[in-house]
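In the form predicted on its own, a lone chain appears below as structure tokens.
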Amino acid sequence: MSAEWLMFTPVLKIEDIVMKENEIKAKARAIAGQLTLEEKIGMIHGSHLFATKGVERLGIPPLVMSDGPMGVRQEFEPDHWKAVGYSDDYVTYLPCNSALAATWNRELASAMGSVLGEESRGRGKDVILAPGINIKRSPLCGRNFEYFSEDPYLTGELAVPFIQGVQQWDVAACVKHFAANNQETQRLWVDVEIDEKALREIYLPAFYECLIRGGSLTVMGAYNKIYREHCCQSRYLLEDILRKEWGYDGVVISDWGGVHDTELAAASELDIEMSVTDNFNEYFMADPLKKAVEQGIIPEEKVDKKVIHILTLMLRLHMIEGNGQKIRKNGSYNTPEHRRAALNVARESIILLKNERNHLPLSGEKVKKILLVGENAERIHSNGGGSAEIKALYEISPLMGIKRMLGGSVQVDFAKGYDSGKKEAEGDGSWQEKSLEDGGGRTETQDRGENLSKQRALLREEAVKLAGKYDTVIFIGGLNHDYDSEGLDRSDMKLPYEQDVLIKELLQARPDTIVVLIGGSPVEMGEWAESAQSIVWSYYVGMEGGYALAEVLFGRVNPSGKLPETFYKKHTDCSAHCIGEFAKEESVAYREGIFVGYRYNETFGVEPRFCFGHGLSYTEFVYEDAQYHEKDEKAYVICRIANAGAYDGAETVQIYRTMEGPILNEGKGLGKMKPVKELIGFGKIYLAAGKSGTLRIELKERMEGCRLAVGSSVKDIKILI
């Protein structure tokens, strides 16, 4: 990585950057030379659940870390997964990374990262364990809501400004999980079988972008194995690729409990071992490593290298005082500006999937009686999902958001419609004590509600009967963190809690029922999608999510979200399932290679429910012209677009490299083929009704031997160049 991480800070000369970096590294080596072996060992493993040990006599503080990607997690007792329980750790609940990806907006990514960085600093953290950038290989992975996309380019383009936003606050981002961590089932032990072409074209590019171009100061190893090595102690991933090939000199942190061997960990490029248990001195890189060094089994230089990386990080973050070190930023949390940023992301993340006969937006002036049906209309999502759980200052539900926006002149009532049978427990961390048991994760075997069928039938009957008494009916259902959760994969894409039955009965009684789904991963819609006039999708969109949804439904905000992943008709249409393997316990074969998500669908003619990049608007955008240019070794497209409708709005222009038919490089077989479409550029433009504008979109690479397709989704191509 050398000095590249500083290239995005406000400096004037590259010579000054290099000099500063050289001074930092020299000082780190000098400090390391003053440490005893015991002090060094204390710095490279957890001495608390979220902190390493400092060295008070030399002014070296502990390195303090925290989850997670949707906000700074609540405080726990240092040695126990028990919430402290004070009132000072409520935070801004941010939209999940999938929601951020749905905005296709780099500026919002930077703003959201800045909020997370400032709140992390305000809470006294040095490292925030975010963002998660693993590729969405299968729609069934329980942690997909924490990740951006099935596409590595889109992931990198949004994660890089997110990281830079975080790190401007003297806090290190920690990109995770390196690498090919795509299932929760047996996540500690499953061995990923993948060819190098797929690894380098699909699963590593976003990490390279985040660590080298984005300059993330730390990276977290993954739980799983790859090529029979655990990722957190892998010579191939951490030494051959990360350190030698990429030149990364930041800190490598294990996932909590991801280390399994003292000698392998010591010999690897891992710098810090963390875990979920309180036997800190028994960690592999604690007393066992100290003893191995004292016995001459492991050279002390291995420990020194890790310590120098950590000290370099501390100096970059201005954690060590004296010798002309810059005063560290203080940060803050729960500010009005942070809440506005969360609202802005939520507004642009909501996706209008279907809107026949311009059923939406609703008119706040004409609508007088509204019935909301579905548990997600009033359910809180911030307190679940595993390590992404948040102690939110507040969370506006759709029920509250609609009532708050419309006021008392409109009657808004609620009917539960279905019962999930349980709520997520308040996040006290007790689940984490057992998170390494049974291989670290499983495929869900939850009761889908047979024992609640009678109760659900009564709730459905009540909701359907009520529906005829209102001028507007809105169903708000989907998933929750019983299903979108760390340590858990889904067994299929079906809506839980008998929601399909409820939606069908509502549409039979009221064909104009608006269907709103909230979740972290795609769901099947085949039983009712053709009958619904309008379908709206929302990821977990943070503390202002209910209000943002209300604004979209009633036209105060024109939806501009686009799908960052394919919504399949059923999970067996996904290449990870119909060609490769998923949720296997010992090893999992990525036989689909590079054909992940839309790359597979577009190449082999598999029709999804809703394609990658899809998202409708209340207005109409007309693509007038697009031209390809090359200058100074860079390629870009100039696209002119007009808003021909009656609403102000935003459009995301997507550019795909396209080829005719399945293209063979050489020989035969899936491994030699190229996808017929691949995202290589995008940009977002805001246009008032009746206005035109021009976008300059820089491309991932120059166009060679192919054509470019410019449009509003991977399937909706407006112009071929």
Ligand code: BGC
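Owing to the predicted nature of the structure, the values given are computational and were not obtained by experimental measurement. In case it trips you up, residue 1 is the first one in the sequence shown, and so on.
Note that the form predicted together with beta-D-glucopyranose (BGC) isn't included here; everything after this is about it.
The candidate site formed by 137, 183 and 571 is entirely out of contact with beta-D-glucopyranose (BGC) in the predicted complex, as no residue has a non-hydrogen atom within 4.5 angstroms of it. With the partner omitted here, the stretch from 502 to 510, 154 to 162, 67 to 75, 288 to 296 that lies within 4.5 Å of beta-D-glucopyranose (BGC) by heavy atoms in the predicted complex is 67 to 75. Scanning 497, 248, 333, 256 against beta-D-glucopyranose (BGC) in the predicted complex with a 4.5 Å heavy atom cut-off leaves one residue, 256. Note on contacts: among 483, 280, 223, 414, the single residue with a heavy atom within 4.5 Å of beta-D-glucopyranose (BGC) in the predicted complex is 223. Put simply, residue 129 is close to beta-D-glucopyranose (BGC) in the predicted complex: some heavy atom of it is within 4.5 Å. For residue 177, a non-hydrogen atom is located within 4.5 Å of beta-D-glucopyranose (BGC) in the predicted complex, even though that partner is not displayed.
At least one heavy atom of residue 432 is located within 4.5 Å of beta-D-glucopyranose (BGC) in the predicted complex. Though the partner is left out of this view, residue 387 does reach within 4.5 Å of beta-D-glucopyranose (BGC) in the predicted complex, counting heavy atoms only. Of the residues in 138 to 154, only 143 comes within 4.5 Å of beta-D-glucopyranose (BGC) in the predicted complex through at least one heavy atom.
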